[in-house]
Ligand SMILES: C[S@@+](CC[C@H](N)C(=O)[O-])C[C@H]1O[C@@H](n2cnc3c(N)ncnc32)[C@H](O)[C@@H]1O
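Before any questions on binding or motion, here is one chain by itself as structure tokens, the form predicted on its own.
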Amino acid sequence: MDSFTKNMVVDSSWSFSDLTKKETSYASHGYHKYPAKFIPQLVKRLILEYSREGDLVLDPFGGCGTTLVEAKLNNRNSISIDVNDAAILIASAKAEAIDPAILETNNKLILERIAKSNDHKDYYANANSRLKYWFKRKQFNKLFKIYNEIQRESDKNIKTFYNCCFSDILKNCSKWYSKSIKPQRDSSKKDVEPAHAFIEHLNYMTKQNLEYYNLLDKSINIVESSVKKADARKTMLPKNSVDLIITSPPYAISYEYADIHQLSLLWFGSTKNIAGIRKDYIGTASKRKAIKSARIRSTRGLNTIKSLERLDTGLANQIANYIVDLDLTFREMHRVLKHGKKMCIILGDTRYLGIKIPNTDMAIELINNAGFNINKVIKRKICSKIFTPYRDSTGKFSDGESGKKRRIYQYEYIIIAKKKLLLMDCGVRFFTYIYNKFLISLQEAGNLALWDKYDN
């Protein structure tokens, strides 16, 4: 069976290959490190092409809030949904531009409190065992002193801003290997002074907040953005309420986001056990139970599962669970999207144990089955996406510095799909068209009495 994307040519206009890291991190986009996030220029173009000012844009896999920020900058209402508390924190901080003068005043106050703090309590003694694994006692206690001062902040948006800043420095101040996105401890890593790290990143975020604040259209007061903790398979949003969906679902056999953000999740008390929350994530390796093939509405998905079963049954089951979960999310997207409106899915393929995982082809099948029409599929070269670009000979993620390795995720696809119009909707539109033509004809004939009667 041929791939839907076979022989597709790269559309260089969607690659944004000339952009620098600074250009893709403008405004609040660079507040926090986040793997595999799509660049804002890509989201902005989709927003401008497929929505109008005042429309409601949804990202059901909201991540760090790129869609949220771009929607706000372009005068669209928006909702970002995620199950990850770390993502919710980051997206919430990025979405709210704070008055620069107020922020500067608060910055001076909190830094003064941190400098003058006489808190010498040993917080490490009662810390979560996993946090003890990642932090040295001295580092942990210094961080906790900063954390305590942040929690004293009374302004909700500024407190979120500081918590985001704090979350970002946790990795640098821990034993986490600096060059790895995946959890990997470096026992020889040199200590980073927490207060210095916080001040440095706070200065950067403050500068970016100023840029974000100045870019926002102050004359538009009706634009709203919200970040919700919910499951993409069940968003709890009203039926037919969204004008545009832009999102990038997790790839099959990809990141364990609970693991990647474990420092923040553990520190802020979202969980005491990372393994316990993995099951909430789509595509997680924790879901490796057998699933009936009848529930898998993708022929290409079934073929992939059969190929993997010969090598790794657990992995095959994981792919099966991923397909079922992805199917549920597309059906939920269909439910909340208005008829005739667009959905933009950014997704790419990968390989594992020598077998191609056709995420894009599987998604196209599922999207069609969910009640969408595929308008177009765009192939773009990935140039500025933050991810681990190599797998080693076993199929595991690698830093690409040693051993046999192969680059992955070189291309991704933008699937533009439209929710089909119901026959009833088509009938209503046709009747409205004819009725308006009738009113115009009455006006042109000068029959204002009849026009006034039927227009009301």
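Position 1 is the first residue in the sequence shown; the rest follow in order. In this text the structure is predicted, and so the values were computed from the model without any measurement.
The form predicted together with the named molecule exists for this protein as well; it is not shown, and the discussion that follows is about that form.
- Residue heavy atoms within 4.5 Å of the named molecule in the predicted complex occur in exactly one stretch of 76-84, 267-275, 313-321, 158-166, and that stretch is 76-84.
- When contacts are judged by a 4.5 Å heavy atom cut-off, Tyr34 counts as touching the named molecule in the predicted complex.
- Not displayed here, the named molecule is approached by Asp59 to within 4.5 Å at the level of heavy atoms in the predicted complex.
- Using a 4.5 angstroms limit between non-hydrogen atoms, Asp231 touches the named molecule in the predicted complex.
- Shown alone here, Ile282 lies within 4.5 Å of the named molecule in the predicted complex, counting heavy atoms only.
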